[in-house]
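Next comes just one chain, in C-alpha cells: the form predicted on its own.
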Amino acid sequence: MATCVKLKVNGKDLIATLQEFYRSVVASPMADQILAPMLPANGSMVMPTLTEDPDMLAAADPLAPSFPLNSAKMVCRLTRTDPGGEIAAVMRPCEIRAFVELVKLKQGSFDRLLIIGMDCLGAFRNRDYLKFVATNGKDSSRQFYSQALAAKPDADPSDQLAPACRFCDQPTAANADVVVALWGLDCEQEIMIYSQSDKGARLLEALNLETASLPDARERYLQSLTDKRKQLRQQMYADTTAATGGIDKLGAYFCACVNCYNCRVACPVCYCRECVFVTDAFDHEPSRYMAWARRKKAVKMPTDTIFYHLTRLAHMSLACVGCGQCSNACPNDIPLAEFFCTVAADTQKAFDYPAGSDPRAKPPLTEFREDEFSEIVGID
C-alpha cells in the first residue's frame, strides 16, 4: 500500500525544505549517497552531482529550470555494475522514462538504486537559463518555481520553457520509488511525498514523517494541466508534419545541420559505444563529391545530414521519451525534439508501446508477435 507523508515548508523556502529531505535520505539506511541537481561552487549551470556529505546538499537546486543533460545516462553509469553501496537519484519524469528504457537494454539496473521522482516544472534551454540567472542572480530558482506553481493549470506555459517542456503531457513521475508532489498543492505551506514501491514505502517509514493524503485538488490540477499540454502537443504534431512532408521539406528542415552529432551524444537512449556516423563509412572520396555536384548542379555540404537524422530516427523512435535534449544540444536551433516526438508518437502508437512507461514491457523489436501487423505480413 502506498505511503504518503507531508513536509512543512519553513519560511516559504521550498528549496531548503527539499535540501533537508535529501539530507534525511542520505542519513537513512536506504541510501549511502545521493545524485541530485546541484550548483557547482565554480559554475552557473546546475548539474547532476553525487555526494554522501550532508553539507554539500546546501548546493542542491532541484527546482532550477536547468536541464543541461538527461541524467539517465549518469544513473546507468552508476548502476551498470554493483556500485558498492545504495544510491538515491533525484530525477525528472523524462529522465526516469529514459532510464527504464536503458535498463531494458542492460545499460543500468534498479538494484541498489532508490529513485526520487519530482513533479516537473519544466526547464529552459541552456542559453536561456544562463541569461535568466544572469538577470535574476541567486533568487532565480525561487522566482521560477513561484511563478510556475502560481500559474493556472490551463494557462499557456511560459514562452521561456524549452519546447519539449511546453508540450510535455507527463509532468509527474511514474516508476519512481517516491515522488515529491508539487502540482496542485500550497507549496508555501507544505509539500507531499508518496511512495510508488515497497522500497519507497520503507524509506518514508524510516524517516518517520507525518502521514497525509494527497488532496483531490491535485488530481484536478494535473488533469487540467495535461489536457492543455495535449492540445499544444497535437498542434505541434500538425505543424511539424506539415513542415517535414516530403524530401524537399526535410532538406529545408535540416538545412542548418553541420553534422556535429551533438544530438546523438545528448540523447539519453542512444547508447551505442560506436556510431557508424563517426567512423570513416561516410568519409567519401573527393571525386565522389565532384561527381554529385556535376550531376545535381550543386550539392550542399555536408552531404549526409538527412540520412543521419533518418537513421537515428529509425534506431531511436521506439525509445524516444521526449526529453528534448536533442534540441537543447543543437548549436543551430534545429527543432529536433518536435520532429522526433512527432514520428515517435506514430511509431509507439503502432506498437502500443509508450516508451519508458512499463519496466516489464519488452521493446517491440526484441520479440516476435504473431498477431502483430497481420495486415502487412499476411498471417491470419
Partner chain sequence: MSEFDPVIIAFVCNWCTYTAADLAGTSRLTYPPNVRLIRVMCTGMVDPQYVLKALLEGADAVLVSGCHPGDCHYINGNFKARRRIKLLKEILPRFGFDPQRLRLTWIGASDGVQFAGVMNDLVAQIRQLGPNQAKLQMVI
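Since the structure is predicted, the reported quantities are computational estimates derived from the model, not experimental observations. Rigid core: the largest C-alpha set superposing within 1.5 Å between the two forms. Numbering follows the first chain given and starts at 1.
Omitted here: the form predicted together with its partner chain. The next part is about that form.
S.K.: Does at least one non-hydrogen atom of K12 fall within 4.5 angstroms of its partner chain in the predicted bound form?
M.R.: Residue-level check for K12: no, no contact with its partner chain.
S.K.: Mark L318 yes when one of its heavy atoms lies within 4.5 Å of a heavy atom of its partner chain in the predicted bound form, and no otherwise.
M.R.: L318: yes, in contact with its partner chain in the predicted bound form.
S.K.: So in the predicted bound form, is its partner chain close enough to Q170 to count as touching (4.5 Å, heavy atoms)?
M.R.: No - in the predicted bound form, heavy atoms of Q170 and its partner chain never come within 4.5 Å of each other.
S.K.: So, S140 and its partner chain: in the predicted bound form, are they within 4.5 Å at any heavy atom pair?
M.R.: Because no heavy atom of S140 falls inside 4.5 Å of its partner chain in the predicted bound form, the answer is no.
S.K.: Could you work out which of S66, S327, T342, N70 is the residue within 4.5 angstroms of its partner chain in the predicted bound form, going by heavy atoms?
M.R.: So the residue touching its partner chain in the predicted bound form, by this definition, is T342.
S.K.: In the predicted bound form, which of 103-111, 87-95, 263-271, 289-297 comes within 4.5 Å of its partner chain (heavy atoms)?
M.R.: Result for this chain: 289-297.
S.K.: Just give me the residues of 242-267, first to last, that have a heavy atom within 4.5 Å of its partner chain in the predicted bound form.
M.R.: In sequence order, T244, G245, G246, I247, D248, L250, G251 come within 4.5 Å of the partner.
S.K.: Is the C-alpha displacement of K297 equal to or greater than 2 Å between the shown form and the other one once the rigid core has been superposed?
M.R.: Yes, its C-alpha moves 2 Å or more.
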